[in-house]
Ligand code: AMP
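Below you will find one chain, with nothing else, as structure tokens; this is the form predicted on its own, and questions on how it binds or moves follow later.
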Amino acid sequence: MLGLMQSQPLLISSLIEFADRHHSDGEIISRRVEGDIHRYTWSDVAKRSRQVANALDGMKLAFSDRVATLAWNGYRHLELYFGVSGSGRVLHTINPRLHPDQVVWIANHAEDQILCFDMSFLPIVQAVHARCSTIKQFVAMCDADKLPADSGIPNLISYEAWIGKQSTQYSWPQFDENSASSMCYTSGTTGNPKAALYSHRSTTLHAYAAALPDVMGLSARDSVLPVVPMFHVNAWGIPYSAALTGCKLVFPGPAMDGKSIYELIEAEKVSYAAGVPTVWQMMLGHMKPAGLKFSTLKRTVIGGSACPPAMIHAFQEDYGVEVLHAWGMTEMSPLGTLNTLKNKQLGLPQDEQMKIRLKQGRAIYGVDMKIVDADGKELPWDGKTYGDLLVKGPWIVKEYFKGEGGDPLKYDEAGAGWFPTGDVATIDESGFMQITDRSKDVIKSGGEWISSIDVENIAMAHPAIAMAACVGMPHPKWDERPIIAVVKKPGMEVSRDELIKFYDGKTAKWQIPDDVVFVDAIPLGATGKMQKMKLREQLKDYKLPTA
């Protein structure tokens, strides 16, 4: 017997229609590439998203054709989120920090038909457009009078001219909720990038889950600043959850420096912000010397890479901002876990609570996870046993676009497919997961594992260190020993011996790095994560001390 409920597909168009109908006057604030502040409402987003859909229909794009973007976080990008996917096409957000050759490869592999780009990225488009074999139309995301006279790009049109004459009326099509909605390529640290292809169903379910009180806890009372880029994993799904809840959205545009981010938070009374540690490090570096405080910011979700404990302490103790540690992947849409305390933990001493908050958190509904040994046997949730982290759920990939890389899943005895994250983790008795390393970065010394993240976090707590990366180096007796590569803060000094001594009492002696290497910069990938592969290449001639 089936239930007697109405059957309506979970489509992205329903999110913007809901925002338009129930939160029409909710604000959307954007710092534009031009430098000014743009203001409008969810009702305006809905109207202009319908104009985008009409423009795509006018160009006779087929169902599931790909529309690419090279764009910052802003209102026009938001309109494409809903107009492209809502009309049945696939939004393909391209990371502008990738090498031009990778941009070309990705655009051709995705078979993009249209590319919409912010004027900041005109030089990239000028460099790659002739090699993008499937793109039929380039659209500059600017006013008609800002279009360059001689861009060198054939038939280039402005975004405003493209949608400006289109009707604001549009009937969103109804189709299978499992249809593709958007796609995002992995950063391609090994081989060519691979694309996660999201569906309307997976995206809508993710938006629901992300908004839950124990996850991001978004509401119509919030003013939300997503610093995490819309060109990477859909800004952690925040644009969709924002439409679902009707919260105010504040977009930073291209101004990602600490001063600009802080000023936007204060000017727009931001209560909730989301970003990677490197962004917050720049902002805190701007605030502390100037003696600045927050007047409205209450919560920030930090993910992308492990948040240093020193940063969590600074936010909470110096500025009264609750840090929500999060973890996920491109292949997971991206949220997998978020760290909020349980009722039984609220009465714990602050230092005990902090030990919990340093973990990546517990699985949100829709995600299941387990840790396994090298033979695939599930390991206990005791907070101590390390294992390879596997996940499954309705917004986690089952395979990559065009079957790249073959079947990525690992199957258990019951035949269920689990996605191998490439992370090594522990899970405690309360379900809180903690990433201890990437499987390719874990350091094996004398048969024991050393967490590079733990070694990095201690270095980051030193007042003179701006950034730290721990890697293993070959050792004749112990197989590998850790060293720490560090970048000093401007005007600050610390010696090798001083930093090594700083580890005393903070970790086991055998986990203390054997050496310190001072570098000008640690290589970062297109999403702001440290690229240890490149760091190892830089250190290929390094030899461990012989003492």
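Start at 1 with the first residue shown and count on from there. It should be emphasised that the depicted structure is a prediction, and the values quoted were computed from it without experimental measurement.
One more form of this protein should be noted, the form predicted in complex with the named molecule, which is absent from this view; the next part is about it.
Judged by heavy atoms within 4.5 Å of the named molecule in the predicted complex, the contact stretch among the candidates 248-256, 330-338, 216-224, 261-269 is 330-338. The closest heavy atom approach of S445 to the named molecule in the predicted complex falls outside 4.5 Å.
Among residues of the shown chain, K392 is not one whose heavy atoms approach the named molecule to within 4.5 Å in the predicted complex. Though the partner is left out of this view, K398 does not reach within 4.5 Å of the named molecule in the predicted complex, counting heavy atoms only. Within 4.5 Å of any heavy atom of the named molecule in the predicted complex lies no heavy atom of R299. Distance criterion of 4.5 Å from any heavy atom to the named molecule in the predicted complex singles out Q360 from the list Q113, S199, Q360, S158.
Between the options Q102, S305, Q281, Q166, the residue in contact with the named molecule in the predicted complex by a heavy atom within 4.5 angstroms is S305.
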